[in-house]
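In the block that follows, a single chain appears as structure tokens, in the form predicted alone.
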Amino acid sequence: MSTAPLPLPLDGVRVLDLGQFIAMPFCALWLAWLGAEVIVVESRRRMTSRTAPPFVPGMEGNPDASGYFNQICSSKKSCTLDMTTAAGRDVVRRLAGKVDVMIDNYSTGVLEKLGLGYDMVGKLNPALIMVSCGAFGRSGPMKNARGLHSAVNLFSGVADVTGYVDGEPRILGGVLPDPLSGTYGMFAIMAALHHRSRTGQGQFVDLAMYESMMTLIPEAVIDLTLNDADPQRAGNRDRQKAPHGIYPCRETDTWVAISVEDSRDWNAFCQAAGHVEWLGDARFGDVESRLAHVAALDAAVESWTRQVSVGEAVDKLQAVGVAAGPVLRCDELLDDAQLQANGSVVSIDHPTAGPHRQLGLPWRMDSLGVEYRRAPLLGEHTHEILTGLLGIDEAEYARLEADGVLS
């Protein structure tokens, strides 16, 4: 059996990462793990990701010790350039002429004002693939509107269908629109690379974050469009399955997710929970009856889950084929046995921040590999990129450095 490393699917692809905080840096992260050479352009004058906590204890404010940056920018290269200077912008344009992909999520119009919009860099590099991501895209009446994750949640309609029965709309927690949009950006790049391999043509991709979020609620969009029916919030319940939800367990603030799909599942669930009497309860006799009496059903299920630990509930139900899993806090994810067993948890050592674990790609490929490397130190690859990739001689490099362009 060969022990040679598997080939990386994006080996030889070069990406210029102008992403700002989460969405497009996340997109570039997956590209880097798949073997692309990702060049992050950043500046000491205006750092975003490197100022984000958590920091290594005792290293608060150290740009090389940001846990956020070291996760979202692992496997990338760092090139420091001050794009507020004409010389800095010129270097970025030259880089755009040497890469396969360029990505950004600045506010609409920022790159154009800097002379780095697709209309300009696309002429320098006709084979360039550019993905530009904004809350509301780069076209249409809202293209100049700015929005972070809360606004994207609201305008996408996702918040309107999220919440408890008879409750108010709820914004999904965290920064969900960002990694979701980054994932769509990555898929768009893969499709564009495939297209270019057949045609030689680059292209511009206009990515709107709120449109990415809308893909989470196709049923609601269809129902409203075709039937003029306002979506009804259902909490954690399902309109076709019961019981289906998040139920509290014995220990404080611990929860188990359970989904019973059919009569076989229901029978197995009752047996595993030790409540065979529920099988004879007319209110729960079939899925239609369980849905009609879902409040009573949830109360019955909760009366059992509150008596057992999360682990007991999961083990008992999974053993009989009922879909069940623990609801994990962020600090519990990396210790989850399932994620560790399938290789989703990876370990990376950093010269400043030290060793740490993080989640890797959520899929595996039999014939292609992935590569997890540490995040770069600030400006670590500036000299390598400018002298190697762009062919800048040492004298010019020294002038740029003296003029503060490489800060």
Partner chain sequence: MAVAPQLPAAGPLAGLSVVELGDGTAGPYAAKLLGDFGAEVVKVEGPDGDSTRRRGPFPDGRPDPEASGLFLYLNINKRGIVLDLDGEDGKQALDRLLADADVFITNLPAERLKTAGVAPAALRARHPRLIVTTISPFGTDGPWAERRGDELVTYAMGGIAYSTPGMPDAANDLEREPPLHPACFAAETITGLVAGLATLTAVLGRARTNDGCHLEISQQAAVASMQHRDISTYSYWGGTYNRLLNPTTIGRMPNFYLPCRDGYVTIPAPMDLHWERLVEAMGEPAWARTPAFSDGPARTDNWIELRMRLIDWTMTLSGDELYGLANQTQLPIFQFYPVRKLVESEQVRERGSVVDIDVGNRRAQMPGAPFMMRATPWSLRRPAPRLGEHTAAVLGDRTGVPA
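Residue numbers count along the first chain shown, from 1. Keep in mind that what you see is a predicted model, and the values were worked out from it rather than measured.
What comes next is about the form predicted together with the partner chain, which does not appear here.
A.B. asks: Are any of the heavy atoms in Leu377 no more than 4.5 Å from a heavy atom of the partner chain in the predicted complex?
C.D. replies: Contact check for Leu377: no, nothing within 4.5 Å of the partner chain in the predicted complex.
A.B. asks: Heavy atom to heavy atom, is Leu34 within 4.5 Å of the partner chain in the predicted complex?
C.D. replies: Yes, Leu34 lies within 4.5 Å of the partner chain in the predicted complex.
A.B. asks: Consider Cys330 of the chain shown here, and say whether it contacts the partner chain in the predicted complex, taking contact as heavy atoms within 4.5 Å.
C.D. replies: Flag for Cys330 set to yes.
A.B. asks: Does Gly280 reach the partner chain in the predicted complex if we count a contact as any heavy atom within 4.5 Å?
C.D. replies: So Gly280 does not count as contacting the partner chain.
A.B. asks: Can you pick out, from Thr215, Gln307, Thr84, Ser263, the residue that has a heavy atom within 4.5 Å of the partner chain in the predicted complex?
C.D. replies: Checked against the cut-off, the match is Thr215.
A.B. asks: Only one of Ser107, Asn267, Gln203, Ser289 has a non-hydrogen atom within 4.5 angstroms of the partner chain in the predicted complex; which is it?
C.D. replies: Here the answer is residue option Gln203.
A.B. asks: Given that the partner is absent here, state which listed stretch (92 to 100, 269 to 277, 241 to 249, 293 to 301) has heavy atoms within 4.5 Å of the partner chain in the predicted complex.
C.D. replies: Contact criterion met by 241 to 249 only.
A.B. asks: Residue by residue through 367 to 385, tell me which have a non-hydrogen atom within 4.5 angstroms of the partner chain in the predicted complex.
C.D. replies: Counting only heavy atoms within 4.5 Å of the partner chain in the predicted complex, the contacting residues of 367 to 385 are Ser367, Leu368.
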